[in-house]
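Shown here is one chain on its own, the form predicted alone, set out as structure tokens.
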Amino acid sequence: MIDIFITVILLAFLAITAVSIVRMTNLFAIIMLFGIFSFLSAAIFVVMDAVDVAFTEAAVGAGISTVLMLATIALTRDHHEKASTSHRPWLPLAVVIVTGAALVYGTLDIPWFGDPEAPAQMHVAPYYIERSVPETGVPNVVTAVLASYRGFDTLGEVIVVFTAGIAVMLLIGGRRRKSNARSNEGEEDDK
């Protein structure tokens, strides 16, 4: 009962944060709210006993993403552009509504959370519970699944996240070096 209460509270905070993000115009505040959104998502994953997913969400969503967005704001200039009065938001709104409806329709066949008759509970989970310790020697079933059975998949995910982080840092760092080189050239010309 307490889990349901905590989940409802977290979902309410998540909805409030999402509405606040949509209504704000200050980029710094939006980035901070995105970090809070990721932190609340991680808390919901913890309540759902998905600690590994919660850890990833907290590290990547609330941690690295927030730092990268703040670094991007710090390295970019403030440009104020006038909004076009001929902009019609109906087409993007229609695309979002149709996509959302398709996603909701796609989830109708998914078994309920924790359903004991779900295929994962009937076939996959018993296999891992019975055989993970003898086959891998790892006493924790979740660790055995992530590190042993899905080791290459987990390694691939880590490589993708690492590569994306390096690419963003190179892009941001490349721009900083170019702007520093230009300012140094300007100073040498003045001498």
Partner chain sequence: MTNNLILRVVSKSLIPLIIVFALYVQFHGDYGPGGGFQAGVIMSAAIILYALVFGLDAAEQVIPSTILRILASLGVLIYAGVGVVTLFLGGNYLDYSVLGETRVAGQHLGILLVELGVGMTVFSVMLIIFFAFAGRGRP
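Here, rigid core means the biggest group of C-alpha atoms that superpose within 1.5 Å across both forms. All values derive from a computational prediction rather than experimental measurement. Residue numbers count along the first chain shown, from 1.
The next section is about a form of this same protein that is not shown, the form predicted together with its partner chain.
*Asks:* Is there a heavy atom of residue 21 lying 4.5 Å or less from a heavy atom of its partner chain in the model of the complex?
*Replies:* No, residue 21 is distant from the partner.
*Asks:* Closest heavy atom of residue 161 to its partner chain in the model of the complex, within 4.5 Å or not?
*Replies:* Yes, residue 161 sits close enough to its partner chain in the model of the complex that at least one of its heavy atoms falls within 4.5 Å.
*Asks:* Using a 4.5 Å heavy atom cut-off, state whether residue 29 contacts its partner chain in the model of the complex.
*Replies:* Because no heavy atom of residue 29 falls inside 4.5 Å of its partner chain in the model of the complex, the answer is no.
*Asks:* Can residue 130 be called a contact residue for its partner chain in the model of the complex at 4.5 Å between heavy atoms?
*Replies:* No, no contact at 4.5 Å.
*Asks:* Since exactly one of 94, 110, 75, 103 fits, which has a heavy atom within 4.5 Å of its partner chain in the model of the complex?
*Replies:* The option sitting close enough to the partner is 75.
*Asks:* Which one, 60, 43, 33, 125, lies within 4.5 Å of its partner chain in the model of the complex by heavy atoms?
*Replies:* It is 60.
*Asks:* Since the partner isn't included here, can you check whether its partner chain sits close to all of 151, 168 and 172 in the model of the complex (heavy atom within 4.5 Å for each)?
*Replies:* Yes.
*Asks:* Can you tell me which bits of 22-54 touch its partner chain in the model of the complex, meaning any heavy atom within 4.5 Å?
*Replies:* In sequence order, 51, 52 come within 4.5 Å of the partner.
*Asks:* Once you overlay the rigid core, does the Cα of residue 63 travel 2 Å or further between this form and the one not shown?
*Replies:* Superposed on the core, residue 63 moves its C-alpha less than 2 Å between this form and the one not shown.
*Asks:* Does residue 41 show a Cα shift reaching 2 Å between this form and the one not shown after rigid-core superposition?
*Replies:* After core superposition, the displacement of the residue 41 C-alpha between this form and the one not shown stays below 2 Å, so no.
*Asks:* Superposing on the rigid core, is the Cα displacement of residue 53 between this form and the one not shown 2 Å or more?
*Replies:* It does not reach a 2 Å shift.
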